[in-house]
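Only one chain is given next, in structure tokens, and it is the form predicted on its own.
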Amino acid sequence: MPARDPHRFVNELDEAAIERLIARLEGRAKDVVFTRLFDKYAGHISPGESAHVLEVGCGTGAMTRSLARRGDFSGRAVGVDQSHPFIEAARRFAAEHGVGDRVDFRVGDAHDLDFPDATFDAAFAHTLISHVTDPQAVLREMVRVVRPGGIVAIFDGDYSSMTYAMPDHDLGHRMDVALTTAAFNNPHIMRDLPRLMPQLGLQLQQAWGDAVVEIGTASYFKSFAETYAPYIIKSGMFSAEAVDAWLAAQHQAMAEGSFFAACNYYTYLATRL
């Protein structure tokens, strides 16, 4: 069968698969390798202490919670996701972290947001745009629900740059491609955004890139491989034996201190015209 991005088709997954994704999203949110990337732009998406901010594709709400906990933010944060189990988890985690009174989580489609025009001061999508069915439709909706002059922030990876070291370089490259194809509907989208933003009513204000790299030991890329490698098998791109051997090689490299993996991530901050 063709590769099917699990986040794009999350509503078709069984309960066990959804629980694995919830664990991945929450684990990633605690990983300092990754949390620093949100912290780097979070201050730009809270224009004023009483700002009204939307996260599109909020998953389990980890980034919305992080925004609500910031000392420079005393406004209201809303998160939207297509998955009922993700939103239920988001509400539960928000209550457990003591921010339930400052955040609101709703089930909704990023391609058709159920908010009036110009509702929010800012909207952001944190590792969403690489998964959606139609990136331009999602961006149009984000622009629509943000007030003129408001902020739209997009953070995601350029997943064609993602690589795990393997002694057999050809096999390693093919497994990198398979992992990217299995996990992301739009692995190149961040390369397209500078061209698309002006067409969608956005003026790019700032942009930067960060390399996420783990050498010797692994946490972020360990979780990534373990979560998404099974989808390579489901797609038929590699056999279960080949994927299991690849995972075993990664675990061995971690144990020996010879692990290497890397991926480039990009942040775009724009204003609505």
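Given the structure is predicted, the values throughout are model-derived calculations rather than measurements. Residue numbers here begin at 1 and follow the sequence given.
Just so you know, the form predicted in complex with a small molecule exists too; it's not on screen, but the next bit is about it.
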{"item": "Option touching the small molecule, based on a heavy atom within 4.5 Å in the predicted bound form, out of H97, R174, H111, R91", "value": "H111"}
{"item": "Heavy atom within 4.5 Å of the small molecule in the predicted bound form - the one residue of V103, L128, M190, A153 that qualifies", "value": "L128"}
{"item": "Partner contact for L25 in the predicted bound form: the small molecule, 4.5 angstroms, heavy atom", "value": "yes"}
{"item": "is_contact(D81, the small molecule) in the predicted bound form, heavy atom dist at most 4.5 Å", "value": "yes"}
{"item": "Close approach of V10 to the small molecule in the predicted bound form, 4.5 Å, heavy atom", "value": "yes"}
{"item": "The small molecule contact at M63 in the predicted bound form, heavy atom, 4.5 Å", "value": "yes"}
{"item": "Residues E55, C58 and V132 all lining the small molecule in the predicted bound form, heavy atom within 4.5 Å", "value": "yes"}
{"item": "Answer range among 212-220, 25-33, 66-74, 236-244 for contact with the small molecule, defined in the predicted bound form as heavy atoms within 4.5 Å", "value": "25-33"}
